[in-house]
Ligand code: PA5
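The chain below stands alone, shown as structure tokens; this is the form predicted on its own.
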Amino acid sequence: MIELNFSNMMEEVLGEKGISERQIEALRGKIGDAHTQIKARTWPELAFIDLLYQDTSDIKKIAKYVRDNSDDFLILGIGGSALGPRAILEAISPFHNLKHKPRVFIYDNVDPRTLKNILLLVDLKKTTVNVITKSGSTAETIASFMILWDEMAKIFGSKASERFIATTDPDKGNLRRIANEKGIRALSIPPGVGGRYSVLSPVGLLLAEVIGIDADEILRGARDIHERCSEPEIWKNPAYVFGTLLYLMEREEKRNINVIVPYADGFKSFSEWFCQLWAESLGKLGFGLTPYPSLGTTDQHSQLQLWMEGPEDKVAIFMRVDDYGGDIVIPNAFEEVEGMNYLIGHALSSLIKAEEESTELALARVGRPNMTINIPKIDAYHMGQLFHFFGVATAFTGFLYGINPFNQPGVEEGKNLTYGMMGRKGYEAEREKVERAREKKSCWKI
């Protein structure tokens, strides 16, 4: 089971810069209200909790089809539709494409150079494309889908649909309509589940099964941590403690930047997944906690100086791994060289753990708050725990702020302006806004 250690957030360790038990107790009313909203499913978007109990038989069936018929598996998606699958891929199957088939490519931007290179690498005759968009109209994903559909139609003609899987709303949207009309295999994202909360839906679980990871094991981990994250008592609920401490650090100490620092290369993409979840859910109505992804030990040599002696606006969230699934002992080389020979006989896992613990301590000693999520092992079970822990913690923290942690009005404005620029019917007013803005921009160039 993953574990949250928050000692270095408390005043007993940090002194006056830490959070007191009294401050947490004073929030019991807000905490209780947030818990009630989650327990009563006051918001339909809390349907992400129901994902823990889903039937995965259709996912497994389609994944087997992909494995049996494909050398390459190409995911088209953006935001949560790409970050979640990538987090699973890179954590549990590092360097996957060099060792296994089907190889996996995730195209989550509309950079033409990237797509052209992917198309040079894959054999479309042996490729299955998974198009992921909840709304069925995400401009970037639909553009990519249109390109791939055209390419596949040139090869397969009327049978092009056999090379696609649509992951979208069960009833609505353009992608669902096309899937129904063209006979494309399809998996459903439940109506209440938003994109950034969808990793434990077919969005992430299909990729998991395609690369040989048991989706049911991921869900088992999520169900187990959900028991602890359902506790009404703050001191027994790690997700509530996590959110409460970061809320108090922002409200009371003006620390509004949350640095997530996994000490495992495989969690680098996971930290990017967290950043979307945290930023898009909480950044609204003038509130927000700004996340940014880091990586230990790498960023001890590029960012730690800022954390130690820069502005006191940050909280570090470390992710510590107990079992890396393998190890290497530093050999008896250069034993005559002082300053190197102390490393002889130590395992690399011991070194990276020492680096993580020493960074925790160094920050705490100068009054810089931090907490640590301990992860027994990087596997499907514990990935499920991490995904669900952060999902609950994010919703809970949004309720502490009194905001809707499930919408994204700022993102929608940008989407609408893009629709206008690209000539989508019904968005003529947005196009006019862009044209007026361009006129103003033309005056200020050097």
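Numbering starts at 1 and runs along the sequence shown. The shown structure was predicted, so the numbers you read here are calculated from the model rather than taken from an experiment.
The same protein also exists as the form predicted together with this ligand; that form is not shown, yet it is the one meant from here on.
**Student:** In the predicted bound form, does residue 78 have a heavy atom within 4.5 Å of this ligand?
**Tutor:** Yes - in the predicted bound form, heavy atoms of residue 78 and this ligand come within 4.5 Å of each other.
**Student:** Report whether the minimum heavy atom distance between residue 280 and this ligand in the predicted bound form is within 4.5 Å.
**Tutor:** Contact check for residue 280: yes, within 4.5 Å of this ligand in the predicted bound form.
**Student:** Verify the contact flag for residue 303: yes if a non-hydrogen atom of it lies within 4.5 Å of a non-hydrogen atom of this ligand in the predicted bound form, no if not.
**Tutor:** It does not: once this ligand is placed as it appears in the predicted bound form, residue 303 has no heavy atom within 4.5 Å of it.
**Student:** Closest heavy atom of residue 385 to this ligand in the predicted bound form, within 4.5 Å or not?
**Tutor:** Looking in the predicted bound form, residue contacts with this ligand do not include residue 385, since no heavy atom lies within 4.5 Å.
**Student:** Exactly one residue in 138, 294, 269, 359 has a non-hydrogen atom within 4.5 Å of this ligand in the predicted bound form; which is it?
**Tutor:** That would be 138.
**Student:** From the list 262, 84, 195, 243, which entry has a heavy atom within 4.5 Å of this ligand in the predicted bound form?
**Tutor:** So the residue touching this ligand in the predicted bound form, by this definition, is 195.
**Student:** I need the one stretch from 314 to 322, 108 to 116, 92 to 100, 127 to 135 whose residues put non-hydrogen atoms within 4.5 angstroms of this ligand in the predicted bound form.
**Tutor:** Residues of 127 to 135 come within 4.5 Å of the partner.
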